[in-house]
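Take a look at this single chain in structure tokens; it is the form predicted alone.
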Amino acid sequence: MQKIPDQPPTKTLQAAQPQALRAYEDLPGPRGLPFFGNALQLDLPRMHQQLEQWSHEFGPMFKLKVPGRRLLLVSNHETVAAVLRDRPDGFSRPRKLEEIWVELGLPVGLFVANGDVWKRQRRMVMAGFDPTHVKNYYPAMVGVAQRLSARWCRAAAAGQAIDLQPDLMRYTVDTIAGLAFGAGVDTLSSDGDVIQQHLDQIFPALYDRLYKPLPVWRWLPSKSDKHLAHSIKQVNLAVDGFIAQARARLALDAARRAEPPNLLEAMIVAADEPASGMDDQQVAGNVMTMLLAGEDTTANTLAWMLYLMWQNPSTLAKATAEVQRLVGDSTSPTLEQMAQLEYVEACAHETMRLKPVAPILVGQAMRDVMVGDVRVPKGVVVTALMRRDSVSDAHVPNAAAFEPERWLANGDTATSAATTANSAKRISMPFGAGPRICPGRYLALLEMKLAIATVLRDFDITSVDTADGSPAQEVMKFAMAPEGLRMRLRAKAQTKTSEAAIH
């Protein structure tokens, strides 16, 4: 990717690049309507699949138009990687995203920040998620996993189907709240009015408003819009509470200010430094970011992972054998044991290749740039289709199959393990790429392995399916989730004993 020079670009760039150059305006794309463009054609719950289909029809780069915006869709993995690496200087978060985020009443954090504000916040957030910090927090993560096991043991004893995604969101909310904020949130032990139920409203509303052709919620707020406003108020109150509690802890213990034990306290200490450029509002924005991003993405991946393992019995048997061999019946598996769960981790990577929870990533061009062979004017919104090449046989052998072995150096797949691993690692980018790569990726993988180890240690899975037995459908709610998945478990003997001991 290169900046378009100030002089007439076509001749100069053609001299440097032998391929013919194209203008954004000349790209193909689906025919739209006057004023509305392609906006009314978008099927928001299935939009990622729709865009992937259009990519097959119109090629790896095509255009869409919606009111007030021009969109460039890119699916070639090399071009996608180049765009992602050019953040935040060449591509920012879309202006529309920040506009709607602020309008919803959400404080701005790392997720929507740009420029110097993003760079300042990124350094602090990365420090909070480094492996050493996560290692110190790991015993508390085990406690959250034990609460998940207890919740599912009760469901198994009652013969109840587990509504998979909401329960996994409780697990991820409890985990991230403890790590990032030092807060003892326990949504797994309650079915009442918990923060997770309010968080669930935010990303779907944000996604819906991003692509609505007209801001009807401003003129005729619906009942769901009013419920959303209430949920955001409750989450903001909870975030303010986290910050107040953290400030109280810092005031009582000077040693905490010298060595903050969690991300929130580290951010407060940094914000209190002279000329930091940070205040409690930006701290609140990052608390919100951690809660939202830490909830949806990991929980959805875990739900897909359990579903795909159930659909592939030999994979489930291998993962179960690995857990039994390395973890046994220990209710407090060590971090070292987690590190050895190579096959379980391979299952996570393979799940993210086939079912990425962020199948589209969006950035807005901050200058005139070349994207591949296309001249893209400043302001165009570039949407990267993250999955198309990673599920293509042209790039990944036997791409449609769920083969965790492809991620292992000594894997045993139909093709060379080295070849499949290199192809998959090079093309699949579930955490993004470049400077804005997900800062919580190490924690996310650890959460996944701990949850899967807990399930396979304590239970026999008897089914993971939908209510009518049909294949699980993908639905976009900002993050891509499985629709209506439920799971049934049978507790193993030692689990029943552990549950009895809890009570």
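Predicted model only: the values in this text are computed from it and were never measured. Quick note: we count residues from 1 along the sequence shown, nothing fancier.
Not pictured, yet referred to below: the form predicted in complex with a small molecule.
Discussion item. Is A433 part of the interface with the small molecule in the model of the complex - any heavy atom within 4.5 Å?
Written reply: Yes, contact at 4.5 Å.
Worksheet item: Are any of the heavy atoms in L72 no more than 4.5 Å from a heavy atom of the small molecule in the model of the complex?
Response: No, L72 stays farther than 4.5 Å from the small molecule in the model of the complex.
Worksheet item: Taking heavy atoms and a 4.5 Å cut-off, does T289 contact the small molecule in the model of the complex?
Response: T289: contacts the small molecule in the model of the complex.
Worksheet item: Using 4.5 Å between non-hydrogen atoms, is I437 touching the small molecule in the model of the complex?
Response: Yes, I437 is a contact residue.
Worksheet item: Quick one: of C153, I195, A246, L361, which gets a non-hydrogen atom within 4.5 angstroms of the small molecule in the model of the complex?
Response: Looking at C153, I195, A246, L361 one by one, just L361 meets the 4.5 Å heavy-atom criterion.
Item to complete: Tell me, out of V357, A365, V374, L341, which residue has a non-hydrogen atom within 4.5 angstroms of the small molecule in the model of the complex.
Response: So the residue touching the small molecule in the model of the complex, by this definition, is V357.
Discussion item. Among the candidate stretches 457 to 465, 440 to 448, 34 to 42, 55 to 63, which one is within 4.5 Å of the small molecule in the model of the complex when only heavy atoms are counted?
Written reply: Answer to the contact question: 440 to 448.
Fill in: Heavy atom of each of R93, F129 and T301 within 4.5 Å of the small molecule in the model of the complex
Affirmative, all three are within 4.5 Å.
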